[in-house]
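In C-alpha cells, the next block holds one chain alone, the form predicted on its own.
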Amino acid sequence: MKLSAMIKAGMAGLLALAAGVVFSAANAATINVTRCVGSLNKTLSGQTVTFWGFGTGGMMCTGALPGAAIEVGVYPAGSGMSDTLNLTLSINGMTPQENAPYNGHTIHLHGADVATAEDGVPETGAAVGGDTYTWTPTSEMAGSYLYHCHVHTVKHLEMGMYGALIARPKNTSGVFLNQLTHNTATAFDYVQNYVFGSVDPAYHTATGDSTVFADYNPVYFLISGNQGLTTSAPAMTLAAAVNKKVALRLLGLHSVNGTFAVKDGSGNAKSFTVYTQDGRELSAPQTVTSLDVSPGQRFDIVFTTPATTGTWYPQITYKNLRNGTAYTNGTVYGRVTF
C-alpha cells in the first residue's frame, strides 16, 4: 500500500472510532449511537410551538427537530459482511413525557426488518424506560428509513420525535459510496434529507385520550423542521454546480398527503428519477415530474442540474387527506443553486 493510502486509511479509522464506530477485521462496523429526549421551542408563523425531539446530552438533553440522521452501511450481495446498528435510547434523558399509561418513550425503526424485540412497540412488549435497538441491514436494504417514538404515536410523532435512518451502500473495504444503492446508476454528487412534517398545534397541548386526537387540523408545514414558505426563504438550501447529480431522500413524517416536485424559477416542472421506494431499489427506475408522498413513505430520487447556472426549487405541497385540496401556506420550498 502506498504511504498516502496508508495515511488515509489510518485517518478513516481514527474518525470512525471517534464517531462510536467499531470495525471488525472484515471491515464491517458496529455503529453505537445514543439518543435522549429533550424539549425545544420553534417559532412558526410568529407563534411559539413546543416540541419534543431526539437529541444528545443525557440528563441535560437538548432535543432536535428532526433528530440527527443515522447512517448504517450495507455491503454488496455475496460479500458476507453486514454493519450492525446499536441505537440506545437513554433512560437518563427522558424528561418530557406524558402521564401513565402514555409515559415513557421508545424508538421504532420504521421500515426496517427487525425482530419483534427490537421493534420499539410497547403493545408487543417493548420497554418504555430506555432500551437498545439493534439492526443489521442486508445488501438489498439500501435506502431511506425512519426512527420515531412508538408510545402514544399519534401525539409523539406530532411532537417531533423522529429522524432519518439511512442504509447507505459501502464497498468491501467498508467505505461509504456516493450512491443510493450498489447500482452505479444511482451515483450522486450531492445529497440531502428532506424530512416532511406537518403540525397541528392543538396536539401539542392535548393530553391522555383527548378528543383532539380524533381530528387532525394542521396549520404549519415543514421540511426538516423548517417552514420555507417562499423561494426566497426556503426550508433547505444546497449550493451545487452545473452538470451534477443531486440526490434527495424524501422521508414522510407528515400526517397528510403531499405532492413533491422540482421546479425552476418560472414554475416549470423538472424531471427527476426515483430509484428506491420504502427502502428497496425499484426494478425499473421511474423518471417523473411529480411524486405523491403519503405518510410513512420514503423515496430516494436523483436529478441532474443543467449546463448553465441557475436555481431550482424542490418543493412539497401538503394536501388534505379528506378531499385532496392544498392547505393554505402548505407549499414548502427548498432551493438548489448551480
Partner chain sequence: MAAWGYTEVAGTPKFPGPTLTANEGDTVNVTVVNNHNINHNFLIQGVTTDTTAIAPGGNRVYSFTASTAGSYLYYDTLNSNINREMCMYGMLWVGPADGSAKAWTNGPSYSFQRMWVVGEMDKARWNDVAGSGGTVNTSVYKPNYFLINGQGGFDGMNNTATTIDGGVGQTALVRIVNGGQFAQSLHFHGNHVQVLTINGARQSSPYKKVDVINVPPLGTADVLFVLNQLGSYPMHNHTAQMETANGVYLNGVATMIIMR
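Numbering follows the first chain given and starts at 1. Everything quoted here is computed from the prediction, not taken from an experiment.
FYI, the form predicted in complex with the partner chain isn't displayed, but the following is about it.
The candidate stretches are 212 to 220, 168 to 176, 71 to 79, 184 to 192, and the one lying within 4.5 Å of the partner chain in the predicted complex by heavy atoms is 212 to 220. The contact with the partner chain in the predicted complex, taken as any heavy atom within 4.5 Å, belongs to Ser255 out of Ser255, Ser90, Thr136, Asn226. Proximity to the partner chain in the predicted complex, defined as a heavy atom within 4.5 Å, singles out one entry of Asn99, Thr124, Ser232, Thr205, which is Thr124. Taking the partner from elsewhere, Leu321 is found to have a heavy atom lying within 4.5 Å of the partner chain in the predicted complex. In the predicted complex, the partner chain sits within 4.5 Å of a heavy atom belonging to Ser283.
Not displayed here, the partner chain is kept clear of Thr56 by more than 4.5 Å at the level of heavy atoms in the predicted complex.
The partner chain in the predicted complex is not approached by Ala239, whose heavy atoms all lie more than 4.5 angstroms from it.
For the partner-free chain shown, His148, His150, His152, Thr153, Val154, Leu157 of 136 to 161 come within 4.5 angstroms of the partner chain in the predicted complex, judged by any non-hydrogen atom.
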